[in-house]
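Only one chain is included here, represented as structure tokens and corresponding to the form predicted alone.
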């Protein structure tokens, strides 16, 4: 099977490719890729991705052998792909996996619309040309697999429904959710107009692997865990809210099963934990105990987070943000501007944490069980059986172990933290020392 794939440098798509290598007897890949902000060329970026795949050396060599890189520019006609290569894609592609997106929550709408909406529109234009070419030559119709998000539904106060082909999102949580909703509207409109073979996947919050705990990116709940560990998040709210976090390997297994199985060609699959979401208070309590017991920094004190009402939490965040903004205007110290930007980024996460979001997933689970070898998502938390006994089915500890092993992917410098901790004197100890003198 010949695949045109976007998003290979992201979080989920590389794991899907790992799975397709095991499920498709003869996969051939065209990978859409571009230079990064640091100027690394596409060959270097792709080599780094292949090196990171959870495959043995022989399998990695097969990936390299069976892959062709397609340099793209989203803002150019035909994605900036050379005419001969674009024609080759139209002639040879059986399936498209569109997994690329800008997942940042603090971007201006005009900027994030390009990678999330315009890119999707141009991928569909390629898909449409492939569809017409295959129809003209008597081949089977191609299928487009599009990775959206459950959060495209926005700020729903009630359990978020499963709708297909209809779609009724509420006010968006941020520009990311807004653009993903816009792209989904575009795709659904094509399904309605032309009965196209398009499958939309709607994962919720994607966490580390249930098997290993590892992840390629440390966003959202990872940032909250990191701030708690560093003592920079003294307050939190909504302790009874449940975060719908699903493991990346479960998401990838479903998508790769659907693609390799070639039986489901149209519809929407919500990839969610549903009623099994993890309570924020559990996330904190288990995380606090684990990090205290396994902290690699001697003498580092991790304070417990205090849970306060939403309005108190939101007021304190705004007050802190306004204070840093005033300090910047008064001093022009870049540090205060950086702090304002950091709070703004953190605010993009708040709708996912402070608002109650429960995702219905019954219809999707029926399809998942029918068309894949997967069942419900592995829970992040331990659960109680029908007799009330604790059963350790969660993989949260694997995730926490990974954060300590990697320093949240390099975001936390444990050596620096240790030096800072060693140089710190508790106020009480300093007072006693002064009195002795």
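Because the structure is a prediction, the values reported are computed rather than measured. Residue numbers count along the first chain shown, from 1.
The same protein has a further form, the form predicted in complex with a small molecule, not shown here; the description that follows concerns it.
Visitor: Between the options 93, 204, 178, 256, which residue brings a heavy atom to within 4.5 Å of the small molecule in the predicted complex?
Guide: If I apply the 4.5 Å criterion carefully, the residue I get is 204.
Visitor: Of these, 365, 147, 117, 278, which has a heavy atom no more than 4.5 Å from the small molecule in the predicted complex?
Guide: Contact check passes for 147.
Visitor: Of the listed stretches (185 to 193, 225 to 233, 131 to 139, 147 to 155), which one has a non-hydrogen atom within 4.5 Å of the small molecule in the predicted complex?
Guide: Contact criterion met by 147 to 155 only.
Visitor: Tell me, yes or no, whether residue 397 is in contact with the small molecule in the predicted complex, where a contact means a heavy atom of each within 4.5 Å.
Guide: Heavy-atom contact with the small molecule at 4.5 Å: absent for residue 397.
Visitor: Decide whether residue 274 counts as a contact residue for the small molecule in the predicted complex under a heavy atom distance cut-off of 4.5 Å.
Guide: No, residue 274 stays farther than 4.5 Å from the small molecule in the predicted complex.
Visitor: With heavy atoms only and a cut-off of 4.5 Å, decide whether residue 102 touches the small molecule in the predicted complex.
Guide: Yes, residue 102 sits close enough to the small molecule in the predicted complex that at least one of its heavy atoms falls within 4.5 Å.
Visitor: With the partner left out of view, is residue 60 within 4.5 angstroms of the small molecule in the predicted complex by any non-hydrogen atom?
Guide: Because no heavy atom of residue 60 falls inside 4.5 Å of the small molecule in the predicted complex, the answer is no.
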